[in-house]
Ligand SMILES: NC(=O)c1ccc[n+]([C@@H]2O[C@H](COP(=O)([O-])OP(=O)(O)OC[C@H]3O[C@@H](n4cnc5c(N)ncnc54)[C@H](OP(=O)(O)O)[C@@H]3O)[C@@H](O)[C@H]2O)c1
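Heads up, the chain below is alone and in the form predicted on its own; it's given as structure tokens.
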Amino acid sequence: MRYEIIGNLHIPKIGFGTWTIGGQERPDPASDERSLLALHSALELGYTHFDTAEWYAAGHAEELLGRAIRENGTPRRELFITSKVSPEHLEYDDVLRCCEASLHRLDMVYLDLYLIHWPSQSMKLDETFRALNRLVREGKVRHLGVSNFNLKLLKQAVAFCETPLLTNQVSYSIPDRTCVDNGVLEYCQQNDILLTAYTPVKRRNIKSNLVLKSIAQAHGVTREQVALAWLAMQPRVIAIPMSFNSQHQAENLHAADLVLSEDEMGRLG
């Protein structure tokens, strides 16, 4: 496994996303068994960075993640847990309340990383960060970040954050390079900010990409692994794919160790 090293942090290039764990916008108890199996499989395979949010299954994803960690017995200190506050909860008191609620659902005393999930037009970013900074000072959150922030908002977040902003989580994949076009990736790389790629593998595009197919055949791996390796090869970029399938989970994790040549990276663009 390759890591991104920032300060004393070693963050895996490949983490595990939890969108659809326990449901989607609402809890789906009928999916609990399948969700827990997926989480246990990920933990047993060696995933240590888990990304969740209060919005995922209305908090149920956090509950299931916390339960799986307890049942698995992985020491908390060996894990890096990210959660997010929703855009309708960005007022000062709401941020504090929502963080406490996430910690309660996870059954944890701190989060390694807490993100603003999406910006909102009505938010007062200075007030939101006043609450986030307080959470860091109180030890309930160790690092702060944002998600889905454009370059202008990202620069504002950096200014309001009392500690180094750790990440901007955005959609980034071979077919989706919005963060390249809008300057976000370059800014992150120049300022020691991680860019966390969500939806890093868009399967419809993966299957039709002949360059991916050719490179995958040359390495004896899947096209999905090449797509993840393309991200992992880039400085200050990590990815959080998700799969319920244990074989795909293992393949995703091992993609971080796949080394693409300069020519292959160039062919993928």
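For every residue, the number given is its place in the sequence shown, counted from 1. Here the structure is a predicted model, which is why all the values come from computation and not from measurement.
Although not depicted, the form predicted together with this ligand is the subject of the following passage.
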Distance check, residue 248 to this ligand in the predicted complex, heavy atom within 4.5 Å: yes
Any non-hydrogen atom of residue 56 within 4.5 angstroms of this ligand in the predicted complex: yes
Exercise: residue 240 in contact with this ligand in the predicted complex, heavy atom 4.5 Å: yes
Contact test in the predicted complex: residue 84 vs this ligand, heavy atoms, 4.5 Å: yes
Proximity to this ligand in the predicted complex, single hit among 201, 42, 215, 64 (heavy atom within 4.5 Å): 201
The single option of 110, 187, 80, 118 touching this ligand in the predicted complex, heavy atom within 4.5 Å: 118
Contact segment among 150-158, 110-118, 135-143, 89-97, judged by heavy atoms lying within 4.5 Å of this ligand in the predicted complex: 110-118
Within 2-21, the residues that have a heavy atom no more than 4.5 Å from this ligand in the predicted complex: 17, 18, 19
